[in-house]
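A lone chain, given as structure tokens: the form predicted on its own.
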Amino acid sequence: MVSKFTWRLFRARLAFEDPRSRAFDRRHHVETAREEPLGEMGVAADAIKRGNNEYRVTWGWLIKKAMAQLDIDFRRYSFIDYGSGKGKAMLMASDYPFKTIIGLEYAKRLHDIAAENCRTYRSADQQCHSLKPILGDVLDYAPPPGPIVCFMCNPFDETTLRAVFNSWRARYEGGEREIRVLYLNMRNIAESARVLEDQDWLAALARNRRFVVLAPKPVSPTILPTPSPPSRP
């Protein structure tokens, strides 16, 4: 539960960051900054809480700071934004040479805006032009085979978040082990501590108050018993 004091501080920070977010939109010919109640974005009333009630754009500097901690060959990885909203993280990820970039969103109107943003985005630094916004439920989605970066910024309630992490664990246990998880929260990732602390198959590569970068723990080599020498006749 987030305290009233924390909410007041967060609202003040949102107001401070809003001009920066709108400047990003003007610079790149997109629209990501405006907050949107999910009930007005095509989400059924009984599903609004799954998406934490409201769309808010993720601060660009926070996305960039988390992305800078990735220890990967970007060209081998697909980037997947779980709860992609209007697509800002997708757009910023396209300034890296990912194999492809996918955004998953269950709110029809947010998805439509993201699709338009992917079409109109302009950046001299863009290196990936394969941007694929997908309308659908993250619980029904299977990532493409191969290495993946999974990005999210506090998009789900605890039940949905836990189910998504469980799907990644199943993928890992099935042999797809090149996975990176970027989990962000513009207030504090400690709000999701109960889920994050249960991920005993993952280790933190980098962490601060607002983001954590996770990777699978190394697989311990199987130690075979030393064979006994043959008995002498």
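Note that residue numbering begins at 1 and tracks the sequence as displayed. None of these values were measured; they are calculated from a predicted model.
Keep in mind that the form predicted together with a small molecule is not shown, yet the notes after this line are about it.
Interface residue among Ile113, Val138, Val149, Ala93, judged by heavy atoms within 4.5 Å of the small molecule in the model of the complex: Val138.
Put simply, of Leu202, Ile179, Ala66, Leu38 only one has a heavy atom within 4.5 Å of the small molecule in the model of the complex, and it is Leu38.
Stretch 154 to 162 is the answer when you ask which of 154 to 162, 69 to 77, 121 to 129, 93 to 101 has residues with heavy atoms within 4.5 Å of the small molecule in the model of the complex.
None of the heavy atoms of Trp168 is located within 4.5 Å of the small molecule in the model of the complex.
Residue contact with the small molecule in the model of the complex: Arg187 places no heavy atom within 4.5 Å of it. Proximity of Arg207 to the small molecule in the model of the complex falls outside the 4.5 Å heavy atom cutoff. Using a 4.5 angstroms threshold between heavy atoms, Gly83 counts as touching the small molecule in the model of the complex.
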